[in-house]
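The chain below stands alone and is given as structure tokens, in the form predicted alone.
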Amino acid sequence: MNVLSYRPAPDEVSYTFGGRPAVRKVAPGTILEIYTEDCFGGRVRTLDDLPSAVCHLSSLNPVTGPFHVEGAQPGDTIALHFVSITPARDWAVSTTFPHFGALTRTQSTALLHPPLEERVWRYDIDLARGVAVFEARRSEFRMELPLDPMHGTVGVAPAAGEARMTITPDAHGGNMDTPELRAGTTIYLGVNVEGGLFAIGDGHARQGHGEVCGTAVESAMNTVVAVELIKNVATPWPRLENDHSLMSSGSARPLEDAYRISQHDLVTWSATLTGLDELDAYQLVSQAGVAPVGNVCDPNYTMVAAIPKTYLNSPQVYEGAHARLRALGQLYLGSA
């Protein structure tokens, strides 16, 4: 088993997909152990650390990477299987922003009422008990929420030499913020440049669908991923697979376009996998699919379309990469 560990120094993280050289080369079949910082770069630590005071817009949402996958060329697909995602600290934070989130005024949503207050919440993380503790700021209310760690930001370099801010999701991946991207899930990303140049960040100890206030329970993470390369198989939008479901994502504004992208990809993918007529696949997805929301606050919104694999006769996708990488991950966990 080839295991590579990488922990970036503060000046080695990236804030774009594309536009940066690789920090390491990774062979297909590698287990990659990485540390990722939270979306504030660890600067928001107390209730008094307002992001506007301790962070700069250009230093939000750092990602670890990019990593060059040996042999990856445009037209291929990189598969990343999340073996484990573990909060790296015993605390995490969340915030509201004056001009960011689904229920506040923004630059493009001009309203007469004042923007929301900027406020910080700090969560205690208890790994042994598997909970994040929410404490209200204006009352004695307290609630233990189950941990459900995931990564909000995963992607590859965009095509045509473009560099995109890590906060923006699109066809290359990016800040999709879907809670479906948890341990046990494999994400498939289409390669646009030599090496693919994938990066990972924005760990969330948990997040509700939509990331409504604009932030999740933001946490630094120790993450283990298994890396694979599928040659000569293109992937138009990020796709996800777990033991039970196949999922397609779409990112755009307005939200209905993100919804259409994800549904279109799942319908056409399902038709290809089953041999169904496209309208028959459309009918099947319409009646058997679900549509979890990724985010409704980023520069592009994200929707996910999912269907249980049993309704597609449990097809093997991407040359069985998910099962193969899951087995590799279990071997790693057994030897750790």
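Numbering starts at 1 and runs along the sequence shown. These numbers were taken from a predicted model, which means no experiment stands behind them.
Beyond the structure shown, there is the form predicted together with another copy of the chain, which is absent from this document and is the topic of what follows.
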#### Entry: Per-stretch contact check against another copy of the chain in the predicted bound form, the hit in 69-77, 188-196, 261-269, 227-235 (non-hydrogen atom, 4.5 angstroms)
261-269
### Residue contact check: Ser94 to another copy of the chain in the predicted bound form, 4.5 Å heavy atom
yes
### Task
State yes or no: in the predicted bound form, is some non-hydrogen atom of Thr215 no more than 4.5 angstroms from a non-hydrogen atom of another copy of the chain?
yes
### Task
Would you check, heavy atoms only and a 4.5 Å threshold, whether Met303 touches another copy of the chain in the predicted bound form?
yes
### Task
Could you confirm whether Arg119 comes within 4.5 Å of another copy of the chain in the predicted bound form, counting heavy atoms only?
yes
### Message
For a quick check, can you give me the residues of 4-33 that have a heavy atom within 4.5 Å of another copy of the chain in the predicted bound form?
### Response
Thr16
